[in-house]
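The form predicted on its own is given below as one chain in structure tokens.
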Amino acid sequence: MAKVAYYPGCALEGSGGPYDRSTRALVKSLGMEMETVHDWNCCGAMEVKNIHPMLQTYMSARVMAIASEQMGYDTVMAPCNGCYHNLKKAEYELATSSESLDTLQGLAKKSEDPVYKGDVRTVHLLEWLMEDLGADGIKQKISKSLNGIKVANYYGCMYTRPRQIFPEKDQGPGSESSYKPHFMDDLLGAAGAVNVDFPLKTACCGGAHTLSDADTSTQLVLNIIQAAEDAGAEVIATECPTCHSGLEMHQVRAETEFGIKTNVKILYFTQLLGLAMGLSARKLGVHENVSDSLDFLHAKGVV
């Protein structure tokens, strides 16, 4: 298996701590190898792009350049949808605009940062797992089935958009689809979950507006949660710390502010896969989630 550079990004060292811990524990249990990018910086998500788009590109390219020029890796793995999106966007821009590449390389030399040369690719954790093991490989490593837990797999809006920055998607059988992503479904299905037909897999959760317009974010989250429950889901599996936090916080807010109670549990897909590998719920940070799922998981016999 290929060893990759691991880019946790800001969220996984903050509100997405359980995603970081469950990712590290899962990767280790699968016998895969990764090394955290040294001296990494924010990818430039959210506010930075409003200051200057090139600054955001520079911040993402600096992460890739450190992985390549200082650590010797050709692949950066980012579990966060926002980080993954921004690094892929930088890849695309610097591969298609010689003017941007020249500007960025000039800035890197002045800053005495490693110079990005365009020879690094970014993959999401889902893609790395599918590329190195695939659903069949995961199935061979399962020690405790998810026992038919009904799961709505929620990919969020940044994993597949805009399509041109993900040239590896939509390449036919075996590739991920930007129209109907399925890698999370494939992996959790191999671990014994039952994937429900969920129509809002790539809908926006309103994460970028949660502070400026909380009511809109709450409504967007309610749309997702209620669609999952209508489809029969007991759990929504997430792959993004911002989406995960948004679903958890606005599920609570919907009940306290608007009196709308929903019952579906919110778990990172890494936590579900880790449980199927026989890892403890505590090691996977399940107790740190806002959505209290331990009683449910005990009842299902997976912890």
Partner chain sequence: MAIHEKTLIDPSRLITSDTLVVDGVDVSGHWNTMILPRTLKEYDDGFEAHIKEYAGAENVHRCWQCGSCTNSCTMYAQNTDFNPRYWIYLTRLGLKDEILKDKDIIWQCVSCNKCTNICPKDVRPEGVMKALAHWIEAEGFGEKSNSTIFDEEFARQCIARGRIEDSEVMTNFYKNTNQDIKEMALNGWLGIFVARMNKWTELRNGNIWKFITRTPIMHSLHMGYSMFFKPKTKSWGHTGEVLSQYVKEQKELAHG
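Since we're looking at a predicted model, the values are computed, not measured. Numbering follows the first chain given and starts at 1.
Not on display, but discussed next: the form predicted together with its partner chain.
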{"property": "Lys28 within 4.5 Å of its partner chain in the predicted complex, heavy atoms", "result": "no"}
{"property": "Asp213: touches its partner chain in the predicted complex, heavy atom cutoff 4.5 angstroms", "result": "yes"}
{"property": "4.5 Å heavy atom contact, Glu248 to its partner chain in the predicted complex", "result": "yes"}
{"property": "Heavy atom of Asn223 within 4.5 Å of its partner chain in the predicted complex", "result": "yes"}
{"property": "Residues Met130, Lys144 and His182 all lining its partner chain in the predicted complex, heavy atom within 4.5 Å", "result": "no"}
{"property": "Ile138, Leu101, Cys204, Ala227 - the one with a heavy atom within 4.5 Å of its partner chain in the predicted complex", "result": "Cys204"}
{"property": "Which of 120-128, 71-79, 185-193, 205-213 lines the interface with its partner chain in the predicted complex (heavy atom within 4.5 Å)", "result": "205-213"}
{"property": "Residues within stretch 13-30 having a non-hydrogen atom within 4.5 Å of its partner chain in the predicted complex", "result": "Glu13, Gly14, Ser15, Gly17, Pro18, Arg21"}
